[in-house]
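One chain is shown next in structure tokens, namely the form predicted alone.
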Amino acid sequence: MTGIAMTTFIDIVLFSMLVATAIAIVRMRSLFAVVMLAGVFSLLSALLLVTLDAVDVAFTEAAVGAGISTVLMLGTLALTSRSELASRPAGLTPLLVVIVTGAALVYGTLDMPNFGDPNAPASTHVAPDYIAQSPAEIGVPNIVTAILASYRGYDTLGETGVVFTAGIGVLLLISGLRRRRREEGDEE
């Protein structure tokens, strides 16, 4: 197998494992198993991102998706029920919404340049400027770090703020649930 064929094979295997994990998550009724499979899904996503040479994004996915999120969900699970409550069948409307949304997303990608195309606008306009200007303007040898920390500094700060706010929100929800359980226990 050539290098490109092997990479494509690995990408297909990882993507297939992602799909199988997602289907298993949807079909599970045990919330503990869902949390564990969600962590596996995040790790598989990180592996797929590594094969796409997005190591920085893969690291973030592994840390936040598989690490922090799994710990927070396990903490929440410790304060709630262990299994999903039975619900009535949803019908075909949600499936129709998903199919229409998926078709619109696929249609929206039809005019995009091919992956890795050297003639794509990002490769001909923005990337050469970053590559040429970063060492002189920023003084950081890693171009990805220069882009994330300097050129897109406000965006990165905003993303960090969103993750921090989400973490604080989850902690407040968990503490409120814990307080409510204590109050219910006092009433009995």
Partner chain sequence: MDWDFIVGHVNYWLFIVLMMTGLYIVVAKGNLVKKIVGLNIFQTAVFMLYISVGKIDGGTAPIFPTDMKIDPAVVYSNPLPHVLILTAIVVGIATTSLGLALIVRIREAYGTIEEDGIYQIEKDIAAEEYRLHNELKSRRS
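Keep in mind the model is a prediction, meaning the values are calculated, not measured. Definition used throughout: the rigid core is the maximal C-alpha set that superposes within 1.5 Å between two forms. Positions refer to the first chain, counted from 1.
What comes next is about the form predicted together with the partner chain, which is not displayed.
Taking non-hydrogen atoms only, residue 174 approaches the partner chain to within 4.5 angstroms in the predicted complex. Residue 15 belongs to the set of residues with a heavy atom inside 4.5 Å of the partner chain in the predicted complex. The partner chain is not shown here, but in the predicted complex it comes within 4.5 Å of a heavy atom of residue 22. Of the heavy atoms in residue 147, some are within 4.5 Å of the partner chain in the predicted complex. Taking a 4.5 Å heavy atom cutoff to the partner chain in the predicted complex, the contacting residues in 52-76 are 52, 53, 54, 55, 56, 57, 60, 61, 64, 68, 69, 72, 73, 76. With a cut-off of 2 Å and the rigid core superposed, residue 165 has a Cα displacement that reaches or exceeds the cut-off between the shown form and the other one. When the rigid core is held fixed, the Cα atom of residue 32 travels less than 2 angstroms between the shown form and the other one. Relative to the superposed core, residue 155 undergoes a Cα shift of 2 Å or more between the shown form and the other one.
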